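Presented as C-alpha cells, the chain that follows is alone, the form predicted alone.
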Amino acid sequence: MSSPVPPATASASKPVADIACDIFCAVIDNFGDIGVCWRLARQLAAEHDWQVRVFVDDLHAFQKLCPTLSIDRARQSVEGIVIEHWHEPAHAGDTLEVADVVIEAFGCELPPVYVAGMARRERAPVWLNLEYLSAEDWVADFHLRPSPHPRFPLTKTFFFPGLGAGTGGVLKERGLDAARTAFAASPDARDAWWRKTVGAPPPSCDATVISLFAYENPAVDSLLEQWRDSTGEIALLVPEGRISGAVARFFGLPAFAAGSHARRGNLTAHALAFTDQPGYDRLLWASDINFVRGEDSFVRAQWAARPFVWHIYPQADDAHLPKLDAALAHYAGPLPVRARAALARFWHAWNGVGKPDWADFQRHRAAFEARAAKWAGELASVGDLAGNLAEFAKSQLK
C-alpha cells in the first residue's frame, strides 16, 4: 500500500501497477454490499493490477461469499487483496495508510482520521462514492458529479452503476462470457455440477430448471402451487436463505436446509448450500429461469443470458416500484407488446402487486429467452463498472 505522502509528484503520471485502492464497505443487506465490493476488489486486482485493500465491518457475512476468509483476524490477505476488519466507524487500520483511490461504498462514512489523512497527502486521492445500482434516467445526470468537502481541500465524486449509456455500467469480468459458453457446451460439466452441487443427476431435458433466490415473499405460495400443478416437470433449485422457510412449509417440512429434496406433483425442489460467487454463476447457467434479488444476483442474472425475475429490495411507500419499472423499460422495452406486458405483470406480482401467473409467463418464454441473450450484448456496450472506474481514476491521477 502507498504511504500517506506518495513519492510521485503532482504532475507525474502514475503507472497503473502502482495504484493503491482502499474500498470501505459497511454490510447492511446481508450479502449485497460486500458481494459487490468483493467482486470489484478482485477485478481491480486481477485485471487492472491495482493494490487493493478492503475495509469491511462484517467478516461473518463476507466469509459466506469467500470461504477461505478467517473471521477472527484483524488483517489478512485473500487472493492478493488485503482485508481489514473494520471494527468501528473511527477505525482505519492499526497503521494509517491512505491509498491513491478511495472508494466509499454505498454511502458508508469514512473514518474521520482517514479523511484527515487524505487531506494531508501531497496529492489528494481520487475519492469515489460508489452508489447503489439504479436503472432510472436521472442516474446519468448524477454520474461523476463532484462534491467538495466542507472543511478539507478534497472532492468526492459520485460513481453510479447503471444499465444505460452515461452511467458506470455494472461489474463483468473479462473471462465471464467464455466461462459461461464453455459450461453450456459441456454436458459433462453440467452433469458434474448437478451431482456435486445438488446431489442428484440432471433432470430430463424436458424439465424446466428454476433457481429461486429471494427475500421473504408472500407470492411464493401461489407460485409453488402453480409449479406443483404445471403440465411439465419443474426442477427448483433453492439456495439456503430467507425464502427457505416458505419452501419448507409448502412441503410440510420443519426446515429446508442444504441437501434437502422434496417433491409434490410435478415440482421437485432441491435445497443448495450457500455458495461462493463463481459457484453462484454456475447455478444461474445451469438454470433455465432465474429468480434473483437485490443488486449482485440481479446483475449476474443478466450476464447469464437467461430469462430472470427480479425481487428488488423493498422500500417504504413502494419507493422501489419506480426503480423496478425503470429496469423493465431497459430490459423489456424491445419485446413484443404482449410479451412485454406479461413480463411486467409477473415482475410486479413477484414484488407485491398482483398474483404471479406462471402459465402467462410460460406462453412468452421463447421471446424472453431471445431477449435475455440480446440484452447481455446491449448491456456490455455500456462497459463494465470496474473498467470504467479504473479509467476515470487514472484520468484523475495523471
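Note that residue numbering begins at 1 and tracks the sequence as displayed. Model, not experiment: these values are computed from the prediction.
The same protein also exists as the form predicted in complex with 2'-deoxy-thymidine-beta-L-rhamnose (TRH); that form is not shown, yet it is the one meant from here on.
Although the partner is absent from the chain shown here, Leu65, Phe274 and Gln277 each have a heavy atom within 4.5 Å of 2'-deoxy-thymidine-beta-L-rhamnose (TRH) in the model of the complex.
Annotated contact segment (heavy atom within 4.5 Å of 2'-deoxy-thymidine-beta-L-rhamnose (TRH) in the model of the complex): 208 to 216, selected among 318 to 326, 143 to 151, 159 to 167, 208 to 216. Note on contacts: among Phe251, Tyr313, Phe183, Trp138, the single residue with a heavy atom within 4.5 Å of 2'-deoxy-thymidine-beta-L-rhamnose (TRH) in the model of the complex is Tyr313. Note on the partner interface in the model of the complex: the residue among His330, His48, Arg340, Arg39 having a heavy atom within 4.5 angstroms of 2'-deoxy-thymidine-beta-L-rhamnose (TRH) is Arg39. Interface residue remark: Pro239 is counted as part of the site for 2'-deoxy-thymidine-beta-L-rhamnose (TRH) in the model of the complex, having a heavy atom within 4.5 Å. Although the partner is absent from this view, Pro356 stays clear of 2'-deoxy-thymidine-beta-L-rhamnose (TRH) in the model of the complex, with no non-hydrogen atom inside 4.5 angstroms. Although the partner is absent here, Gly294 is a contact residue: one of its heavy atoms lies within 4.5 angstroms of 2'-deoxy-thymidine-beta-L-rhamnose (TRH) in the model of the complex. Mapping the unseen interface onto this chain, Trp194 falls outside it, with no heavy atom inside 4.5 Å of 2'-deoxy-thymidine-beta-L-rhamnose (TRH) in the model of the complex.
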